[in-house]
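Only one chain is shown below, in structure tokens, and it's the form predicted alone.
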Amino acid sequence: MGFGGNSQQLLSKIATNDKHGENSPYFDGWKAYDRNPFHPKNNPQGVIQMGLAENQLCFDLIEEWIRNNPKASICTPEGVHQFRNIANFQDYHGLQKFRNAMANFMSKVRGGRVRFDPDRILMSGGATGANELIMFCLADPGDAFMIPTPFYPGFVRDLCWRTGVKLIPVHSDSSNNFKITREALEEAYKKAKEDNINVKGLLITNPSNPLGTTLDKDTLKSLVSFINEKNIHLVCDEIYAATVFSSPNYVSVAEVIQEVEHCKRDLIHIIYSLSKDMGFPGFRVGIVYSFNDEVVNCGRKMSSFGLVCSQTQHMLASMLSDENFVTTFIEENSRRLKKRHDKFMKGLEEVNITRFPSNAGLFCWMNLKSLLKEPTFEDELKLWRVIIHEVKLNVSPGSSFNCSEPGWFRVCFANMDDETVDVALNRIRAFVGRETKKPVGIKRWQQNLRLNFSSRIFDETTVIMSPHSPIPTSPLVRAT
């Protein structure tokens, strides 16, 4: 039931603004999938979801552990005796056994080279909530955080929508393998100062989303040195820390600051979750780990708005405290990710599609520049519409990741079974005209761009519903 008259006058600015960040092809592709989801039997011609970074490769290990440990749940005859304790009110700290288990797990994921203090662990509703929590602690509306490109499109929502914080892109490109350089940082920082923008910090993702790469120790030391000199915060999103499947090994900022002389540790903060490393996005387990006492105290109060469910804490405390299971899971997860990565990359190579070299993550950064009629972002979106509507694959265009070069696409490979991967690869082969080893010129597909799809550039003023909205309002997914 709606409001009478002008409903927007009765709502807040947050409720009515268009700054949620989902006015992007990244989220629009999800809607195309929701309207026509692939199913091997019920809808074999549907859209395959390759735009969602989920890790579904080790669910069998989780399910086996749950069957073997019924006491971990308060909803089983074996565990129901704990029901009253868990169902009662829990304070902002959460369950001590959960924080202990999380601290140990975070250390294990990082090779045991650094220890984490359970009393510095703050909880929130997924990494989304954790990102917003740290922004509320560190910045005021109008303040800004620098962020290297390309970056996760959801950061616009997570970091900015309700906080009023701004993002300042620090541009990188393929000419230097998308390295975060000191020169680019200084240039972005100087430009912000000239524009009278108060820079409060730098946010990085390690491993990178969407590149699927890990930052080396020298780069991390350079970043820590930069924020120390400028006296600004460093927020490190490390939610893909356990998805590393080949060399080089993962290095956490928590390890680096142990080696940096005169490091201002109270400027360092880590975002973590179990959504990617364990494949638990539905559990909404987000973590802020801060080396700043004031942030810990303030963040704990704020966490009351998004605590992790006590029942979830209870079960995960038991699971993550099982040393044998955790060790086996981390090793097997890495092995299966590598196997899936190699399978998908081999499929791309067979049709001469290149990609950015990666060693982590649940996706690859695919180079489709050769399929663009012109090297423009407009043609990138045209190609993206063809891939969505004709090839029936939801991949994400680089422009939605703020990439400075047209033609890059992120494609996820860990959220499906092997059979679906085979279907996806067959569709890609057909798309580039090599399924029957009878090459079909790329120009035919470029003609389809002009014949079948609107050349309209995305309208940034369009208000988009949530990723799983039943009403796909975006002009991008309707353009046919």
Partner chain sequence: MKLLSTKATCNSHGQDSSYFLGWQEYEKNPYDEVLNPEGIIQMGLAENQLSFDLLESWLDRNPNVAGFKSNDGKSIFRELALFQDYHGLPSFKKALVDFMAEIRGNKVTFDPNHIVLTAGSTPANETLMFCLAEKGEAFLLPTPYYPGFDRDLKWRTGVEIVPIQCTSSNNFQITEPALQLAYQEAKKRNLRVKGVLVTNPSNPLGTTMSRSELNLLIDFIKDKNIHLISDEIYSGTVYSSPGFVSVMEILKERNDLEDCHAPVWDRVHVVYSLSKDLGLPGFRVGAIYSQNDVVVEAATKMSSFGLVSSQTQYLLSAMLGDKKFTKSYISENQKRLKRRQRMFVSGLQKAGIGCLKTNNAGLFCWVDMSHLLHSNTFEAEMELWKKILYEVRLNISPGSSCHCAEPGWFRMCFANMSEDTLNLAMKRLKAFAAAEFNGSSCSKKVTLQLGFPAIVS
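Residue numbers count along the first chain shown, from 1. In this text the structure is predicted, and so the values were computed from the model without any measurement.
The form predicted together with the partner chain exists for this protein as well; it is not shown, and the discussion that follows is about that form.
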If you check in the predicted bound form, is E294 within 4.5 Å of the partner chain, heavy atoms only? yes
4.5 Å heavy atom contact, K346 and the partner chain in the predicted bound form: no
Mark I62 yes when one of its heavy atoms lies within 4.5 Å of a heavy atom of the partner chain in the predicted bound form, and no otherwise. yes
P153 within 4.5 Å of the partner chain in the predicted bound form, heavy atoms: no
Note which of L138, A317, V391, L372 lies within 4.5 Å of the partner chain in the predicted bound form, where distance is taken over heavy atoms; exactly one does. L138
Taking 4.5 Å between heavy atoms as the contact cutoff, choose which of V80, V351, V260, A192 touches the partner chain in the predicted bound form. V80
Within 4.5 Å of the partner chain in the predicted bound form, do we find a heavy atom from each of Q49, H171 and V411? no
Thinking of the partner chain in the predicted bound form, which stretch from 275 to 283, 374 to 382, 208 to 216, 103 to 111 has heavy atoms inside 4.5 Å of it? 275 to 283
In sequence order, the residues of 82 to 103 that place a heavy atom within 4.5 Å of the partner chain in the predicted bound form are F83, R84, I86, A87, N88, F89, Q90, Y92
